[in-house]
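Given next, in structure tokens, is a single chain: the form predicted on its own.
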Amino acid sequence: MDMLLNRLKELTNNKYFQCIQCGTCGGSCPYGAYTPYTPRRMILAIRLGMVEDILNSNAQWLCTACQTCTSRCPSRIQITDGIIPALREKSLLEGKVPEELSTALINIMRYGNPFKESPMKRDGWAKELDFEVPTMMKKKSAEVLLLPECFGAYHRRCKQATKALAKVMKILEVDFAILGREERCTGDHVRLCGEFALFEDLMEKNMKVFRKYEFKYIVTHDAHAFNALKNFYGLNVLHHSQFLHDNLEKLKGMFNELDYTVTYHDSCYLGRKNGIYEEPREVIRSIPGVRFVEFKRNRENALCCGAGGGGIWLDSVMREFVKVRPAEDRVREAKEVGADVIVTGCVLDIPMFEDALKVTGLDGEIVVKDIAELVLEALEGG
């Protein structure tokens, strides 16, 4: 208990006890109606010494780190980055970990990725392109270091978004390179799951690699990697929507017309966490022929896809409590506003929404595209 309280003091700047029990957090949570312990109840239970009750309920795993509760908390308590990871750390120490998550964390520790894939296959996506993508190991320096992260490097569908971004960079004649086999998980999900020691180890190893090479900035299409690199590693990093926006004047002159009705999903770690709202919208609106419509819940009120905070590895736990996942509500909302394309800003959104389209029977009516895929399609003529 003392260790938990010390961790809470560290992660929340000793503000966790300032909770006024207003219930805003639970009312804002995508899983608030399902969880046996909302953040408000968690804090009350901690005050009463009922920590084991929380852990036994599995409520600490019913969180996708969407930041909604934290962004709306009137006491400014770090719930997402504090309360939840602290409780999860205690669960890890007591061996109360969902099997899927345990496997992912062990794989990240051993292989540098959750897929148990060899680091030698990290640049496999690049070998599928019709041009060479250089590695920093060979090149030594570049203007841009492209960081696909784990899903962008290994996941079958997410690799398509990575290749699209690389093609756009090629068209823009950007001097870029990748780390290839030297790349490993940046660890934002690891941190949010309470594995602080592993996160620190990953950060130390990654920084050692980064320091070997010269580059002006990093570009990534993984919103969680962007968050970690910006707010924990302290590196000069651009999300790929920012990169595309920075090159928008050049891109406009090359765009062809597309016939789509598009809505844009605000990823939690771009929007609520890092305030990136307008850049991706301006890129989308600049494409001729595209009709842009907003989700009913957008910007700071956007609904989470469900993948963050390790949620992508906690499906069995979620299904035990939750009848309808947030991603399923989100794709239905896209249908309601008349969109035939959902544009995303984080690679983790893609598999979540594509799975939801199948579950809801909307597969074929709506397609999911990363913003780089939409831009590339406009560049290549549709």
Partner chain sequence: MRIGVYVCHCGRNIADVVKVRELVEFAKRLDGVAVARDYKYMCSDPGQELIVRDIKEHNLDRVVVCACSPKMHEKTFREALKRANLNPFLFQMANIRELCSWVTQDHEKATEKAKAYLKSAVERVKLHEELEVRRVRINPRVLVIGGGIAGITASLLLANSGVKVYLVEKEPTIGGKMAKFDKTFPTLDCSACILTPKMNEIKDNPNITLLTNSEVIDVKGYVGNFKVKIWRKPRYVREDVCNSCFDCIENCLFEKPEFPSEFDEGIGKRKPIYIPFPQAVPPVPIIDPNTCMWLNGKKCSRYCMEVCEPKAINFDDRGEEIEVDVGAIIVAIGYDLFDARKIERYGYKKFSNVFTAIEVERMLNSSGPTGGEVIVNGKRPERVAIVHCVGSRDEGNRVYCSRVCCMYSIKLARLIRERTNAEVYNFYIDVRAFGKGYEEFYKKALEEGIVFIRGKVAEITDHPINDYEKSEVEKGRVIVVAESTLSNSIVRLPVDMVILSVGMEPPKDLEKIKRLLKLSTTPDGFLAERHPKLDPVSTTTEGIFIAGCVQGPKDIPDSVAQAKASAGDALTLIERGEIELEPSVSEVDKEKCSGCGICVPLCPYHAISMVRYNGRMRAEINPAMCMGCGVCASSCPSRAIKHNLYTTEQIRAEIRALLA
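Given the structure is predicted, the values throughout are model-derived calculations rather than measurements. Residue numbers count along the first chain shown, from 1.
There is also a form predicted together with its partner chain; it is not shown, and the following applies to it.
Name the stretch: of 96-104, 189-197, 205-213, 300-308, exactly one has residues whose heavy atoms fall within 4.5 Å of its partner chain in the predicted bound form.
That would be stretch 300-308.
Decide if the three candidate residues Arg41, Arg72 and Asp329 all line its partner chain in the predicted bound form, where lining means a heavy atom within 4.5 Å.
Result yes, every residue of the spot touches its partner chain.
According to a 4.5 angstroms non-hydrogen atom cut-off, is Thr360 in contact with its partner chain in the predicted bound form?
Output for Thr360 is no: heavy atoms all beyond 4.5 Å of its partner chain.
Partner contact for Gln21 in the predicted bound form: its partner chain, 4.5 angstroms, heavy atom:
Residue-level check for Gln21: yes, a contact with its partner chain.
Does at least one non-hydrogen atom of Glu336 fall within 4.5 angstroms of its partner chain in the predicted bound form?
Glu336 belongs to the contact set for its partner chain.
Does its partner chain get within 4.5 angstroms of any non-hydrogen atom of Gly27 in the predicted bound form?
Contact with its partner chain, yes.
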